[in-house]
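Given as structure tokens, the chain that follows is alone and in the form predicted alone.
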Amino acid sequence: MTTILKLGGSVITEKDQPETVDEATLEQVVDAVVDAYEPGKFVVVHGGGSFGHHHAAKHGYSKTDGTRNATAVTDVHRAMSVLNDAVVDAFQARDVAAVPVSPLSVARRDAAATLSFPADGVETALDEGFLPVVQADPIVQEGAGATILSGDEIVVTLGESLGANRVGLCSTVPGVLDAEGNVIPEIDDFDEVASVLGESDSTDVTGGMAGKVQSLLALSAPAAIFDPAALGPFLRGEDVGTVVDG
């Protein structure tokens, strides 16, 4: 059974303080993963938080608006690599064989914005007992230069390619919230919740909660959205947060 876990950038960074890791929360989520970890059974994906988003916003590109400015591409990529190093180091400090994965080198979008992200390297890393830690990243796009590949998109494409049995998104909220602030237990139709899905409180060039839900509805397997307090229960197989099942 393969589990894909996405750590939201706003969870593991101080999102309103550029390029600042939330060390306490990163340690908390790493501890939870280590407690449930089985070599070859986990993939970790992480978002940009205060490392990627503000650079992309400054340069004016996103997952839909491209750039041909090489500095814009490298600014985001280098910042994301620093954050990826922090996540990999946190796992290695707990004796987990974590290795970095950068989509910029292998992923692309065609002119119709269809994503191609070969999973061979990730699959081989799993077979060899490694924990792949995949960062959100800029990628090249035919006719648009470069666009942002979000962590949510990575979760979906790897989930399908690897046949993941369990998918979880660890966010700063306990799930998708309705207009009264209550967790919506299950979503199977975006239109039914579109009116309550707001924008991210901080700079986010990948679509906020609405983008998460739309991405996850494309998955074959159900996915859960939850906060760090529910990560341990999720990894133990419990139902937590909001289940998105298209």
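Don't overthink the numbering: it's just position in the shown sequence, from 1. Being a predicted model, the structure only gives us computed values, none of them experimental.
Not pictured, yet referred to below: the form predicted in complex with a further copy of the same chain.
A.B. asks: Taking heavy atoms only, is Leu115 within 4.5 angstroms of a further copy of the same chain in the model of the complex?
C.D. replies: Flag for Leu115 set to no.
A.B. asks: Examine Arg94 and determine whether its closest non-hydrogen atom to a further copy of the same chain in the model of the complex is within 4.5 angstroms.
C.D. replies: Arg94: no contact with a further copy of the same chain in the model of the complex.
A.B. asks: So, in the model of the complex, is Ala164 in contact with a further copy of the same chain at a 4.5 angstroms heavy atom limit?
C.D. replies: Ala164: no contact with a further copy of the same chain in the model of the complex.
A.B. asks: Test of understanding: in the model of the complex, would Thr172 fall inside 4.5 Å of a further copy of the same chain by heavy atoms?
C.D. replies: Because no heavy atom of Thr172 falls inside 4.5 Å of a further copy of the same chain in the model of the complex, the answer is no.
A.B. asks: Would you mind picking the one in Met80, Ile154, Ile148, Val73 that has a heavy atom within 4.5 Å of a further copy of the same chain in the model of the complex?
C.D. replies: None of the others qualify; the residue that does is Val73.
A.B. asks: Suppose contact means any heavy atom within 4.5 Å; which members of 126-147 contact a further copy of the same chain in the model of the complex?
C.D. replies: Contacts from 126-147: Glu128, Phe130, Val140, Gln141, Glu142, Gly143, Ala144, Gly145, Ala146.
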